[in-house]
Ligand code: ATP
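Just one chain is shown here, as structure tokens, and it is the form predicted on its own.
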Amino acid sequence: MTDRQALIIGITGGIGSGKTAATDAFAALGITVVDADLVAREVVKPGQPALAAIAANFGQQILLPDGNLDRKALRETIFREPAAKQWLEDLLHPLIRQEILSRLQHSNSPYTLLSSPLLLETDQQTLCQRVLVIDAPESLQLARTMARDNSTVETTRAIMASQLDRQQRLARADDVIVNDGDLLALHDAVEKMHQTYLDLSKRTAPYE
């Protein structure tokens, strides 16, 4: 954090909960969103050392013909092999954290969102003053994810199992938005939370 930025809200949710739709709504209100998923994509772009290490470990078949990472193949591999998942996390998490810190420090909005599906499973939560969970019933998470990613039930359930379960996530939340309705309902809930965070940011802003 810097002298200009006092309040960082971690936002998370299980896969298919609607976290991205929520962060898009916050961004439309002028709030900076630092997206750990986007950062994770950038550190494995072609030409980055991390991508070369991944290809060396898993083989060239983990790459698409254009040289980009085949994310679906990698995802299916690491959720079948716990040791492979651990190796990948050991490689990527320090790189991702370093870039996240840089982006948080350069935020100019009244408060900043750190969006991460693994916020509570990693030390990323230590960067935040509050945690906002986007919550949805597990059956809805499953249906949304399969429709969005064209993934199998088995792969989707494996991803869900790798995350905290719903009750654990809710128990560690400071704030919750239940996203079991339509997009309009979600936007209304985001607007209310936005006002709450604006008030909090005024109270926690550093002295000039």
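Note that residue numbering begins at 1 and tracks the sequence as displayed. Owing to the predicted nature of the structure, the values given are computational and were not obtained by experimental measurement.
Same protein, other form: the form predicted in complex with the named molecule, not shown, and the subject of what follows.
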Open item on the list: Can you work out whether Asp182 and the named molecule are in contact in the predicted complex, taking contact to mean some heavy atom pair no more than 4.5 Å apart?
Closed with: yes
Task: Exercise: Gly10 in contact with the named molecule in the predicted complex, heavy atom 4.5 Å - done: no
- [ ] Evaluate Ala21 for contact with the named molecule in the predicted complex, applying a 4.5 angstroms cut-off between non-hydrogen atoms, and reply yes or no.
- [x] yes
Task: the named molecule contact at Ala25 in the predicted complex, heavy atom, 4.5 Å - done: no
- [ ] Pick the stretch from 62-70, 141-149, 41-49, 165-173 whose residues have a heavy atom within 4.5 Å of the named molecule in the predicted complex.
- [x] 141-149
